[in-house]
Every structure is written in structure tokens, then in C-alpha cells.
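Given next, in C-alpha cells, is a single chain: the form predicted alone.
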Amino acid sequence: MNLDILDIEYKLTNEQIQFYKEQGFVKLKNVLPPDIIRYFNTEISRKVNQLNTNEVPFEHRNTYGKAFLQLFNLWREDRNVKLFVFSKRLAQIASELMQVNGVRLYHDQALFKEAGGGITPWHADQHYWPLSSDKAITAWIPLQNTPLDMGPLEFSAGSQNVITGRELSISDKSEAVIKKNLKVNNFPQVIEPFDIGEVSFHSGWVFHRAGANTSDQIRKVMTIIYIDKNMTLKEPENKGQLNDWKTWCPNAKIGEVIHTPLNPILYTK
């Protein structure tokens, strides 16, 4: 196995960049080879098992808690996971899709949807982020083949400019309100399986969800959130944004570039 692929450029086409610009997401085949995915499946799963402290019985969790096990900034906990999160290949894709000159890390998170896990309600990630522009993007990296019964990520194509629902955190209410608005306005809902090595990238404002995991296996996903390397911090507009400021970019100052030890530049042209 050759880990050098993590830092080798991925050739994006103009069509793929334009698709992301118009639709707010794009799915890319063969971003990483299967042996690399399998290796990091093992490494990330090991760290998740070590760090997971969720002892609440499944039946006593709320909708958010039933959606997935969620652990953050694993790059700070394990040097092998750091190699993955700091991949120049993935950061280069993020930078080119957003058409910026480089990207910083916002944070990473492992999202493990347990067998029998519930839906992830409709939402827009940037509801939680105190960021001054829309130049933020998430790489959603399944650590195995992800058929429809495992609950792959679903997108509302082109919804990144929709305002209704941006004020809602992930909840039963966000599922109902956003679903209704997107349906009324005829935004296409894209629901597709993911092959091993396939990665999606989505805008912070595009609406997305995931179905329940009705399989007998854990749906394991690693996500990496990137921001424009020149992104500045804005005044938080809700409790989630205030929490993100304190947690993922501590000591950053409102109106200034988010340059902290937790937000290193991962790629620059």
C-alpha cells in the first residue's frame, strides 16, 4: 500500500467544477483507492471505539442521537488519522471546487451510523458555522461501499441559495419544514449509493440529509470540513455558532482571518 496517493493531485474537470457551482455538491469516483480506504477504515474505527463514550441506550436518544455516533478532530488524537485528514489531494479538490487559492481545516468528524440508526434530518451545515462567506465545503468519505440501505448522504440539488430552513438545527422540525419547502419548490432530491473510494463534496449551505441504516452493518464515514484560507470570523448568530467559535477556532477574532493552531492551511496554490 502506498500512502503517497494522499498527496497526489486529483484531476478535476471543468464540468465537475461547474456542476458543484450550480448544484452545491458533486460526487467524485475513485478519489482514493480501495486499499487506502480499508486501511483508514481500520485506523479510524479503532480510534472511534477508543474515544466513544456514548452510553445512552438507543431507544432513549433523540432524533439527532439516533442519527449517528459523532466524534470530532480525530487528527489531534492519532497520527495515522492525521495523515488522512491532512491529505493534500482532498484539500486540493476542495480548493478547486470552491475556486479559492487555498483552504484551511475547520474540523474533521467521524460519523458512524449504527445498524438500525435513524435518519439524519434535512439541514444545512453552515447554520452552525460562524463564517463570513459561503466558501466552506465538506468532504464526505465513506469507509466502505455504501448502498442505499445503509443511509448514504442525499442532496437537494441547487438548494444552496434557499433561505428558508437555514435557521434550523438538525431536528424533527428541520426534517419537516425543509422537506416541505424543497418539495414545493421542486428541488431535485439526489439519492445514490457510494462506491468504495467515491467521495462527495458539498457546500455549507446546500440542504442534505441521510436515510436510516436498515442494514446489519455500521455505516462508517469520515468527514473533513474545509474553509477558504482567507476566511474571517463573523459575529455568531446563534448558540451553535458561538459554540463552534469557542470549540473549533478558539481565540480567533471577529472580522479577522481564522488563523489558529486548530485551523492549519492544508493546501495552497
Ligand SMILES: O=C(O)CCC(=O)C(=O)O
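Quick note: we count residues from 1 along the sequence shown, nothing fancier. All values reported here derive from a predicted model rather than from experimental measurement.
Just so it is clear, the following notes concern the form predicted together with the named molecule, a form of the same protein that is not shown.
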Tell me, yes or no, whether H208 is in contact with the named molecule in the predicted bound form, where a contact means a heavy atom of each within 4.5 Å. yes
Might T138 be said to contact the named molecule in the predicted bound form, defining contact as any heavy atom within 4.5 Å? yes
Can you work out whether Q241 and the named molecule are in contact in the predicted bound form, taking contact to mean some heavy atom pair no more than 4.5 Å apart? no
Are any of the heavy atoms in L153 no more than 4.5 Å from a heavy atom of the named molecule in the predicted bound form? yes
Among 106-114, 189-197, 156-164, 89-97, the region lying within 4.5 Å of the named molecule in the predicted bound form by heavy atom distance: 106-114
For the spot marked by D35, S45 and N145, is every residue within 4.5 Å of the named molecule in the predicted bound form through some heavy atom? no
In the predicted bound form, which residues of 111-134 put a heavy atom within 4.5 Å of the named molecule? L111, K113, T120, H123, D125
